[in-house]
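In structure tokens, the next block holds one chain alone, the form predicted on its own.
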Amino acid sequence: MKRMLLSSVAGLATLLSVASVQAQTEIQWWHAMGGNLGEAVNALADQFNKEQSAYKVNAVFKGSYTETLTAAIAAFRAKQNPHIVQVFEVGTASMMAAKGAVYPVHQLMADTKEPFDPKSFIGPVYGYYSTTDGKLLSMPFNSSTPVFYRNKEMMKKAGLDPEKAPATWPELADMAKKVVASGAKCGFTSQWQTWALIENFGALHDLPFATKANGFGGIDIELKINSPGHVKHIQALFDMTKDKSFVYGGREGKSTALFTAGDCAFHIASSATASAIDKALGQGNVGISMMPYWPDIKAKPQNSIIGGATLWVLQGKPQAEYAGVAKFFSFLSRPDIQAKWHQETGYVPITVAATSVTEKAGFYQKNPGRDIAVKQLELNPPTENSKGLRIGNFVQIRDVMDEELEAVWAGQKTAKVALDDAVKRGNDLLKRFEAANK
């Protein structure tokens, strides 16, 4: 009898355990983080799932940023979308234009009564993903900005002071020439050329990318990337290609291989590349500083703008499930979580508190230069030209800019002709976007 009772108790416990697991509300999160970053994303979801039992976040890798966005749009149309999708910053205008698809974060947090303080986010991040009246549309997650990396060993070989980074483009051109003369295969290369050499170049020099505050003031806009300042900059880079002071290493992040292999001494790349670069070259061999600027275009640099992505909430799920989404967003915004994410990846800490936690832990003393990204973003109060970009059909426009820049590097077009063509082609895409979203 006693044995039967014990067996019944054990069986009941098992049933209750199974029921508890089944009672969990599952939250689907589609993301574009592969490799080491994907492992870090999975670790975040696992930690949230372990800290509470009401919700389970399933982090699902869906490919590149473009592939993830495309998959989410298709799934929404089929009414099989996830709760959360990670969308890169160039998709912001497209998400805003998706009528009825998005559940704005400010509304989500209010509806679920989840504590939420917009002032906790650093200004450059919050401003990029907010409406003109300051309402947050998507949850900041992995934000980055391009910074300048230098190989100290290669600088020493060229007779340069490894602790002195070039502050201006003329200084960089001179240093790059000396590095090549010392035997290097290339002086300088850049990641994500449209983001670094056009978009952030404009912000840093307070030059407009487009009319109406770079699209923040409306969708009926035109590109302005063929200004005399832009032309001067791209032409100067082409001139640097003649002696390999500048080498084009391919689109997106492909050029980083030239830097980590020791072919190029200088590199503009995402702040989120810092950990990978340190591992490849050794922390003591890499210096990090702000991007160079042209003093004859602007006496002092303005500020850079962010890249990376945010988390957008999609409509169409039972309201009860959105409470779990809100809880997860609160978890991601916690100072300890953001500080860890920042320190492990190189993405900027999205909250003021996370920056403070990182500073108090002595991270920046042990890892010089890892605070440069935030300093550059907050260098000056943003202007209409340096707040960010709100551009329709931006993915296609970036493709156009890539094509035109590649024509310059190949010697097929002058900088002026290429940028004029980029504006003309880009404006056609903007008109299509405007017509489709009236």
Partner chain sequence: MEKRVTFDEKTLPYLLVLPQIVITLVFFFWPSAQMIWQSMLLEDAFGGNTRFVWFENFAHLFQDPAYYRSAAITAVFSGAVAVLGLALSLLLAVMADRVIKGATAYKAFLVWPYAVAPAVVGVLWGFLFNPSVGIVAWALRNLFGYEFNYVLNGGQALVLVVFAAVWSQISYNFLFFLAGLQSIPRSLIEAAAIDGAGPGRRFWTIIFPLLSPTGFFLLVVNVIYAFFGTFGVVDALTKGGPAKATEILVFKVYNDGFRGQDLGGSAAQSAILMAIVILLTVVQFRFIERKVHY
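Residue numbers count along the first chain shown, from 1. Keep in mind that what you see is a predicted model, and the values were worked out from it rather than measured.
This next part talks about the form predicted together with its partner chain, which is not shown.
>> Check for me: heavy atom within 4.5 Å of its partner chain in the predicted complex, for each of F76, G250 and R432, yes or no.
In response: Affirmative, all three are within 4.5 Å.
>> Taking its partner chain as it sits in the predicted complex, is E378 near enough to touch it, meaning that at least one heavy atom pair lies within 4.5 angstroms?
In response: Contact with its partner chain, no.
> With the cut-off set at 4.5 Å between non-hydrogen atoms, does A43 touch its partner chain in the predicted complex?
Replying inline: No, A43 sits far enough from its partner chain in the predicted complex that none of its heavy atoms falls within 4.5 Å.
> Taking heavy atoms and a 4.5 Å cut-off, does A101 contact its partner chain in the predicted complex?
Replying inline: It does: once its partner chain is placed as it appears in the predicted complex, A101 has a heavy atom within 4.5 Å of it.
> Is N393 a contact residue for its partner chain in the predicted complex, using a 4.5 Å heavy atom cut-off?
Replying inline: The answer is yes: N393 has a heavy atom within 4.5 Å of its partner chain.
> Taking its partner chain in the predicted complex as the reference, which of L332, M155, L314, M240 has a non-hydrogen atom within 4.5 Å?
Replying inline: So the residue touching its partner chain in the predicted complex, by this definition, is L314.
> Pick from Q52, T70, T383, N58: which residue has any heavy atom within 4.5 angstroms of its partner chain in the predicted complex?
Replying inline: Of Q52, T70, T383, N58, the residue with a heavy atom within 4.5 Å of its partner chain in the predicted complex is T70.
>> To test your reading of this chain, name the stretch in 44-52, 27-35, 370-378, 403-411 whose heavy atoms come within 4.5 Å of its partner chain in the predicted complex.
In response: Only one stretch passes the 4.5 Å heavy-atom test: 403-411.
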